[in-house]
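In structure tokens, the next block holds one chain alone, the form predicted alone.
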């Protein structure tokens, strides 16, 4: 099987794994959102990714960026509240970064573009008790692991998942400054943010699928990329 085909199959496997993980975690996310939100985050994410799995069947022969864009479109159409535009719109915006397929460079660019759109659209910063508290450390850790520590992509992703996990715990003692949870004021303290929690579930599922479906040769970095400093090159 060609490298591009292996990457395409890995992307489909990851999306299906994300959908299964969110379906399994629906009661957990509902419980989290019942405490500080509308109690619909679990059902919204489950319904959204169930639709994603159906819609991407039409993209079996598409390029990676078009498959990912279709994920964003499906989420915007099916996920209610703020989560649909935040997840779906950010994925659509970032999907262009994958036009050359999956490489360490393109996935770093995808993460940065996703975070940029997420913060721009939602207006949240780190410490506001939102999904940004999980996404930001994950993206920064992944970028550093690739560009500074020269780690393989899957090892870098594992570190990003750990960073997101700490980000979810970071939200617990915070008072919410954005979204419906902010209406609760100090009563929002002591609860995990549901969006941060679902972000972690998604990253865990992607990591699991990457470990099962790809080896490092499938994610070889482009030695000519300007985003990866040459060894010994002065910055």
Partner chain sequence: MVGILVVSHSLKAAEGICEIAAQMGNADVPIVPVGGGPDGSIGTSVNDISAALDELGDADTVVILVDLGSAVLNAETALDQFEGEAAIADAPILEGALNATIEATSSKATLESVVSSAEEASELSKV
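Predicted model, so just to flag it, every value in this text is computed and none were measured. Numbering follows the first chain given and starts at 1.
The discussion below concerns the form predicted together with the partner chain, not included here.
Proximity to the partner chain in the predicted bound form, defined as a heavy atom within 4.5 Å, holds among 121, 159, 165, 140 only for 121. Residue-level contacts in the predicted bound form: of 94, 108, 71, 86, one residue has a heavy atom within 4.5 Å of the partner chain, and it is 86. In the predicted bound form, the partner chain sits within 4.5 Å of a heavy atom belonging to residue 77.
Contact annotation: residue 186 falls outside 4.5 Å of the partner chain in the predicted bound form, judged by heavy atom distances. With a 4.5 Å cutoff on heavy atoms, residue 117 counts as touching the partner chain in the predicted bound form. Contact annotation for residue 47: at least one heavy atom lies within 4.5 Å of the partner chain in the predicted bound form.
Comment: 177 to 185 is the region of 194 to 202, 26 to 34, 177 to 185, 63 to 71 lying near the partner chain in the predicted bound form, near meaning a non-hydrogen atom within 4.5 Å.
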